[in-house]
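A single chain, nothing else alongside it, follows as structure tokens in the form predicted alone.
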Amino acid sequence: MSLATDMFVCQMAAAEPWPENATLYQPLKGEQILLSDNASCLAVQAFLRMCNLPVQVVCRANAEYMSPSGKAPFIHVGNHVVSELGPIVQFAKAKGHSLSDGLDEIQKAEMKAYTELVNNMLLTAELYVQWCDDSTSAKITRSRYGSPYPWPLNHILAYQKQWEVRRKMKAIGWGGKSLKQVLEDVDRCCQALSQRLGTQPYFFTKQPTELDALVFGHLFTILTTQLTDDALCEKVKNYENLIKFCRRIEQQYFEEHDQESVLSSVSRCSRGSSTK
């Protein structure tokens, strides 16, 4: 879209209040959704809850194909359909809902840098583990991704997705990396996040920002997702302040809303129990 079209859409969005029947679409929670999509969906849910914006979560087997960007999640708000955290943040901001308006320009630039770090490191690592680690892709990823579809379509779609992700990894220079190198990248990212967070409750102020929603979505999902081994989870568990950060957001924004809290999953993982 052109800049003029983007401005028009933002103006139209701003003119309409946030409806009570806003809907967030994501892949099937139990049997289909993968680590990276689950992290992205949780980050969007966290952001909307931090903004106190109501949304109904709807799971669809074809959510990826329904999304205007081809990526989950996406929201349907009034006459608008918006996908992925960044555009959803901008859409909410156009309606007067922002978590970072109180930051100065230096803080906003720093928040942007850490946002790019998370997307470039954690999200990419999640995709790598899912589709480029042979053990994980064979034992978990392909069967989950194709689970809603009949044979042979389930295999065709899974192998097509794997080919797309591996091609992307080669394009960004990750194709030749080993799993050990990817896990080292994750550790460096967690170390940078841990140092920035320090003893603060959130990354910049006493209140959460969009970065807190993004980091929570990825770290919490890594801590609570069952994989072939605990190697990825172990990298996050090395940083106690990040564990406490995840507990804090889960308690404040999810535990009171959800009938069944997953806080215990983080506690078990932080104590070193197996996710197998």
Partner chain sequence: MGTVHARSLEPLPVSGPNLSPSVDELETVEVEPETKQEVLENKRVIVQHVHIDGISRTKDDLLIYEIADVFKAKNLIEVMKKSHEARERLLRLGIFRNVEVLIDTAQGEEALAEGLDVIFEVKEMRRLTGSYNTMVGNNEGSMVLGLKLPNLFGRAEKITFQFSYGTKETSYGLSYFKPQPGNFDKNFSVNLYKVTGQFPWSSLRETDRGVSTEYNFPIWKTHHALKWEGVWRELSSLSRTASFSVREESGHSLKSSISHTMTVDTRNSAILPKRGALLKINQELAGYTGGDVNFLKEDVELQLNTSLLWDSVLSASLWGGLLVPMGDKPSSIADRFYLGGPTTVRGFSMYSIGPQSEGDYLGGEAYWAGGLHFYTPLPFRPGQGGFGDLFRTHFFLNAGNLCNLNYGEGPNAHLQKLAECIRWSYGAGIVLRLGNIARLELNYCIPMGVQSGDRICDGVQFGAGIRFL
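For clarity, every value in this text was computed on a predicted model and none was experimentally measured. Positions refer to the first chain, counted from 1.
The discussion below concerns the form predicted together with its partner chain, not included here.
- 60 is the sole member of 247, 237, 60, 49 with a non-hydrogen atom lying within 4.5 angstroms of its partner chain in the predicted bound form.
- Interface residue among 160, 119, 178, 200 relative to its partner chain in the predicted bound form, by the heavy atom within 4.5 Å criterion: 160.
- Contact with its partner chain in the predicted bound form, defined as any heavy atom within 4.5 Å, is confined among 192-200, 135-143, 148-156, 170-178 to 148-156.
- Looking at residue 97, you'd find every heavy atom of it more than 4.5 angstroms from its partner chain in the predicted bound form.
- By the criterion of a heavy atom within 4.5 Å, residue 231 is excluded from the residues contacting its partner chain in the predicted bound form.
- For the chain shown alone, residue 224 is not a contact residue for its partner chain in the predicted bound form, no non-hydrogen atom being within 4.5 angstroms.
- Among residues of the shown chain, residue 28 is not one whose heavy atoms approach its partner chain to within 4.5 Å in the predicted bound form.
- Annotation for 41-76: interface residues with its partner chain in the predicted bound form are 60, 62, 65, 66, 67, 68, 74, 76 [heavy atom within 4.5 Å].
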